[in-house]
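Take a look at this single chain in structure tokens; it is the form predicted alone.
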């Protein structure tokens, strides 16, 4: 499904980035950070009055030649970015939404852990295994 999944803190530093294959990790760091500009544009376009009712799912942030980048923002301004291979045409919008919902639920479980300090990188094995299940298995 996904080739890169990232969780970005409110202050725009990475809490978690995982990519397949591992050789392209630097490329995906760049892709995720360039998508943050589009995320900020979409958040500000909603406006202050609609902040309580806004949709968390931002949809397709931008397509590149090889990948499609999707975004999601929590109420606490933590950003989730999923990068999908452009050749995967069978992936529909509602499937991307469900991936973000799973990611958000797992992230909430991490935040509820009393031993997790908010703002630290995510090192939860349960979160990692859930992300691994969403990733494309490299052959």
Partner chain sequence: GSLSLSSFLPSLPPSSFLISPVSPPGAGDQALFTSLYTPLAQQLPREPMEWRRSYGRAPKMIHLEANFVQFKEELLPKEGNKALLTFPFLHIYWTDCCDTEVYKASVRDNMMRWQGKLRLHGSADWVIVVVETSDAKKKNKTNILPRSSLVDKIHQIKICVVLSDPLQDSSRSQESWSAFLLKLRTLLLMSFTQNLGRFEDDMRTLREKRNQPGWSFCDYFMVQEELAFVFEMLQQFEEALLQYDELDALFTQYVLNFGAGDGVNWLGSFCSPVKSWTGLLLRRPIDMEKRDGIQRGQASLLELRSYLFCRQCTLLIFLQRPWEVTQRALELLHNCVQELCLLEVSMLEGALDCWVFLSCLEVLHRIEGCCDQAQLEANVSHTVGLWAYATDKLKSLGYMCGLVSEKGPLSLELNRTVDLLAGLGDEKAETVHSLQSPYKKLKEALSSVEAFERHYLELSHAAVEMYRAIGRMRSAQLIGKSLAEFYMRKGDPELAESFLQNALRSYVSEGWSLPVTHTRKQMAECQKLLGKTENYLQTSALLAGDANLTDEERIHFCQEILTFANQSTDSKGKQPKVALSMSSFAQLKQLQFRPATATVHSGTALQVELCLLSLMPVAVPLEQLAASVHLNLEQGGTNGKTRGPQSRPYPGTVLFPLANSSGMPPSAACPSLELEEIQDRSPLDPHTLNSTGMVCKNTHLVMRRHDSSPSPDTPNLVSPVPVVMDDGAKVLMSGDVTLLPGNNSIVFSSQELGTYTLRQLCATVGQVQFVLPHISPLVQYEVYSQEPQLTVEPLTDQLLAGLPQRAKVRLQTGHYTVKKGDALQLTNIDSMPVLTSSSCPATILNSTAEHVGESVLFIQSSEKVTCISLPPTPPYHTLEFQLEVLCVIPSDPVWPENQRLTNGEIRHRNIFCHCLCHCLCPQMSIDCPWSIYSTPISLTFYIPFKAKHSLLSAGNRKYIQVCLQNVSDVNFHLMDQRLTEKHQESSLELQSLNTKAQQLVCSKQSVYCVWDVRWKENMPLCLQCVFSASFSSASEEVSSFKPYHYEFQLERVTTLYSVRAEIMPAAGEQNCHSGSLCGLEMSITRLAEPEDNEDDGETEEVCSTKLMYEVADSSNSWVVYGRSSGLVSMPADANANHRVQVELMPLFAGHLPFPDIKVFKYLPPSANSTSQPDTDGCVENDTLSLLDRPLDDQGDTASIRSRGSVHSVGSGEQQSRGLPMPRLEPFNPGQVFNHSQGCQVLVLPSTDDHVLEINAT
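Positions refer to the first chain, counted from 1. Quick caveat: nothing in here was measured; it's all calculated off a predicted structure.
The same protein has a further form, the form predicted in complex with its partner chain, not shown here; the description that follows concerns it.
Taking a 4.5 Å heavy atom cutoff to its partner chain in the predicted bound form, the contact residue among 37, 109, 95, 55 is 37.
The single contact residue among 17, 130, 20, 122, judged by any heavy atom lying within 4.5 Å of its partner chain in the predicted bound form, is 17. Looking at residue 3, you'd find every heavy atom of it more than 4.5 angstroms from its partner chain in the predicted bound form. Although the partner is absent from this view, residue 13 contacts its partner chain in the predicted bound form, with a non-hydrogen atom inside 4.5 angstroms. Residue contact with its partner chain in the predicted bound form: residue 29 places a heavy atom within 4.5 Å of it. Residue contact check for residue 59: none of its heavy atoms lie within 4.5 Å of its partner chain in the predicted bound form.
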